[in-house]
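You are given structure tokens for the same protein chain in two forms, set apart as structure 1 and structure 2.
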Structure 1
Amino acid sequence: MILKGKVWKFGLNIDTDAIIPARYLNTSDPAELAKHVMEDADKDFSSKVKSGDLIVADANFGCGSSREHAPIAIKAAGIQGVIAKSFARIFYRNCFNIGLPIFESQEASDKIAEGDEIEVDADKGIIKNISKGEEYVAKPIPPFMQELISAGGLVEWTKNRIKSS
């Protein structure tokens, strides 16, 4: 899978309240949630972001609550993937479970600037910065997580298990 698009940059400790404020959690409709994505970090983000864009952030992205609404809102806004130095644990889990590609790379986070055009080879974990002519490597994804991705997320994985038992 190749993800190619323009980058929006965010800082350190972007929490789930910034990604999707709790005041919008009286629904779980992805399209509704997408309207408010990243609102408390950047008020106008949902009107600026284009389908196919990517987010690059500093460390501990997605800290705070367990709300799956956070990766859902990001995905529903058309964002193809997120690169960060590190992810908060539940957010990390949720992304694999719902199928939002994420990549951990210190170097990519440091060197990619807002507006850069990048191309991510999701299978190999290679991040190309087209604007700067650079290349970075993401941390490898554990085999079980790869199994989840190839099954199409946790629900499909569970479905296969129920069938085979």
Structure 2
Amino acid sequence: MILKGKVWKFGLNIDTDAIIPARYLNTSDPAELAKHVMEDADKDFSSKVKSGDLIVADANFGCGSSREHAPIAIKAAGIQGVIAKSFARIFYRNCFNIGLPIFESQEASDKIAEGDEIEVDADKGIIKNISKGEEYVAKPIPPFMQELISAGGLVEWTKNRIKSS
């Protein structure tokens, strides 16, 4: 799987309330959540982000509450993946459960700037910064987790397994 797009950069300890503020949790509609994604970190983010863009952040991205609304809002906004130094463990698993690819790379997090064009090879864990002509290494996504992403998340993967048995 290859992801290619423009980068939006965020800092350290971006919690799930910054990703999707609690005041919008009265809905689970992905389109409605997408309208408010990252609103408390960048109030205009949802109007600037384009389908196919990527987020790059510092450490501990997705800390805070364990709600699945956060990765759903990111994916529904058209963000095709997130790169960070590290992710909160529950957020990490929720991303794969809903089919959002995420990558851990300290070097990429440090060197990629907002607006850079990057390409991510999920199979190999290689992140190419097209804007700077640099390459970074990320932990590759394990094959089973890639299956979850390809299927659109755990629910769709399970449905597909039931149909094929």
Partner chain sequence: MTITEKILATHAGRDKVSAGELINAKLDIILANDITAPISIKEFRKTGAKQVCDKDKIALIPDHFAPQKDIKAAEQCKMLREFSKEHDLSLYYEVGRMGVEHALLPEQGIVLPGDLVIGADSHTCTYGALGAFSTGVGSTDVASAMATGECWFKVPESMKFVYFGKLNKWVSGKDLILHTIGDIGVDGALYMAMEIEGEAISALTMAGRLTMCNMAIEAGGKNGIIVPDDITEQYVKPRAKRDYKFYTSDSDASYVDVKEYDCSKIQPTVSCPHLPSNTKPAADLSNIAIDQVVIGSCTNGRIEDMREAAEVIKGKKVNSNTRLIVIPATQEIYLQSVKEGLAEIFVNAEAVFSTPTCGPCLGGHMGILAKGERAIATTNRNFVGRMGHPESEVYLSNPAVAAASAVKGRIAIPEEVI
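Shifts are known only where both forms have a C-alpha. All residue numbers here refer to structure 1's sequence, counted from 1. Only the largest set of C-alpha atoms that superpose within 1.5 Å between the two forms is called the rigid core. Nothing here was measured: the structure is a model prediction, and the numbers come from that model.
Asks: Decide which single structure shows the form predicted together with its partner chain, answering 1 or 2.
Replies: It is the first structure (the form predicted together with its partner chain) rather than the second.
Asks: For residue 148, does the CA position differ by 2 Å or more between the two structures when the superposition is done on the rigid core?
Replies: True for residue 148: a C-alpha shift of 2 Å or more.
Asks: Take the rigid core as the frame of reference and indicate whether the C-alpha of residue 159 shifts by 2 Å or more between the two structures.
Replies: Residue 159 C-alpha, core-superposed: shift of 2 Å or more.
Asks: For a shift of 2 angstroms or more at every C-alpha, which runs of three or more consecutive residues qualify between the two structures, with the core superposed?
Replies: The run that moves is 140-165, and no other.
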